[in-house]
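Encoded as C-alpha cells, the following chain is the form predicted on its own, with no partner shown.
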C-alpha cells in the first residue's frame, strides 16, 4: 500500500497531472491491469457479470474521497478498500476517543488518543495492501474544500454536522462530483446520491439548516452502534455502482431507514429549479457555512453555554449542601441511571415548556445536563419566560464528576 499524507491542503502538489477526470470518464484514464494476486483476491467479483475484469479495473482506477473516518467512514473505508477501490482519500483530523469504539469499527482500543487517520491507514493496509491511501489531516473548510475535492472522482459524505454537509454539497456541485450522502440519528438513517448530472443536491431537500441545537449530536442524542455500519455499507454500495456504471443509483431518491421498525423506504426527490446550487446556479463560490447554519464559531458542546449565566460544580455543591439552590436535571430519564446529581428535580429538556409552572420563581435554580449544552438552552428558555434566578451548571455531569464526585462514570 502506498500512503500519502498532507498535513494541510497547501502541502499538496499543484501540477496538472495530479488532476483526475470525474467518475464515469474512465476512457480519459487508462485502466490499470490486475496482477495475479489481485485476480485471486477479487475472484468473486470477476465472476459477476456486472463487474468482470473490466469492472474490477475500473475499481482499481477509481479515486474516492471519504469525508470523515468515524461511524460512517469506518465501513466505507473497510468495504471500499476490500472491494479494490485503488485510491482512497480520507479527510480526518480528529483523534480516537473511547466513546467512538461502540460504532467506529475502523479503530481499536489501542488507537485511543491517536489520530484517526493513522489507525485508518493501518487498517486499510491490513485489509488490502493494493490500495493507495491519501490522508488530509485538517478540517474541511471553505478555503481548502475545492482544492482537495477536485482531485477525486467521487466524494462520500461521512460527516456529522450541518455546516460540513452543506460545504461538501456545494463543493461537489461546483466541481461536478457525485456526492454519496449518508446521515444517522439515534435509530434512523438516510442515504442518497446528490450532485449528479440530472439529479438533485442536498440543498434541494434541505434548503435551510435546522435551528442550532434542534438536532442533537451523537454525543448528546446517542446512536445505535450498528446503524452507521448499515448506512455506511449502503453508501459503499452506491459508490461502487457509480464506479461500475451498474444498477440504479439512489440519485433522485432518498432512502429512509428505521432500524427499530425494521423498515426501509425510498421517497422520490427532484431537483429544485430555485436551488441556488444546482438550480439557478447563483451560488458561484463557497460561503461561511458555520454562519449559514447559525454557528458563528465551531466550538465543543461544552462551550455552547457562552453568554448564559453559569455556576461551577464546586460552588453548586456547596450551595446545595446549604439548601440554597435547587438543581433541575434536563437529561432524558434513561441517562439518570448512568450518572446522577444528588437531590435533583428531573425534567427532560423537551418538557420544560409544558412543566414550567412546576418551577419556583423564588428560588435559585441551577439547570444541569450532561455537558452543559442542553441545560444552557433550558436556561435561555426560562429566561425568556421571565425567570431571573437561574444558572447553568458549567460542564454538566462531566465536570461534576471531575470536581465533586469522581466515583461516577462519564458517558
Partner chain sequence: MPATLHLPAILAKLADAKVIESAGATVGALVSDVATRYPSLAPRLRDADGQPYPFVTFYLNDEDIRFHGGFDAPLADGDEITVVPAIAGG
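Residue numbers count along the first chain shown, from 1. These figures come from a predicted structure and were not determined experimentally.
There is also a form predicted in complex with its partner chain; it is not shown, and the following applies to it.
Peer 1: Mind checking whether each of 327, 364 and 400 has a heavy atom within 4.5 Å of its partner chain in the predicted complex?
Peer 2: So, no: the whole triplet misses its partner chain.
Peer 1: So in the predicted complex, does residue 202 come within 4.5 Å of its partner chain, heavy atom to heavy atom?
Peer 2: Yes - in the predicted complex, heavy atoms of residue 202 and its partner chain come within 4.5 Å of each other.
Peer 1: Mark residue 289 yes when one of its heavy atoms lies within 4.5 Å of a heavy atom of its partner chain in the predicted complex, and no otherwise.
Peer 2: No, residue 289 sits far enough from its partner chain in the predicted complex that none of its heavy atoms falls within 4.5 Å.
Peer 1: Using a 4.5 angstroms cut-off on non-hydrogen atoms, would residue 314 count as touching its partner chain in the predicted complex?
Peer 2: No - in the predicted complex, heavy atoms of residue 314 and its partner chain never come within 4.5 Å of each other.
Peer 1: Counting only non-hydrogen atoms and a 4.5 angstroms cut-off, does residue 280 reach its partner chain in the predicted complex?
Peer 2: Contact with its partner chain, no.
Peer 1: To verify the annotation, which of these, 220, 310, 160, 137, has a non-hydrogen atom within 4.5 Å of its partner chain in the predicted complex?
Peer 2: Residue within 4.5 Å of the partner: 160.
Peer 1: Looking at 183, 132, 100, 340, which has any heavy atom no more than 4.5 Å from its partner chain in the predicted complex?
Peer 2: Contact check passes for 183.
Peer 1: Tell me which stretch of 107-115, 316-324, 257-265, 81-89 has a heavy atom within 4.5 angstroms of its partner chain in the predicted complex.
Peer 2: The contacting stretch here is 257-265.
Peer 1: Note that its partner chain is not shown here; using its position in the predicted complex, name the residues of 62-82 with a heavy atom within 4.5 Å of it, in sequence order.
Peer 2: Residues within 4.5 Å: 70, 71, 72.
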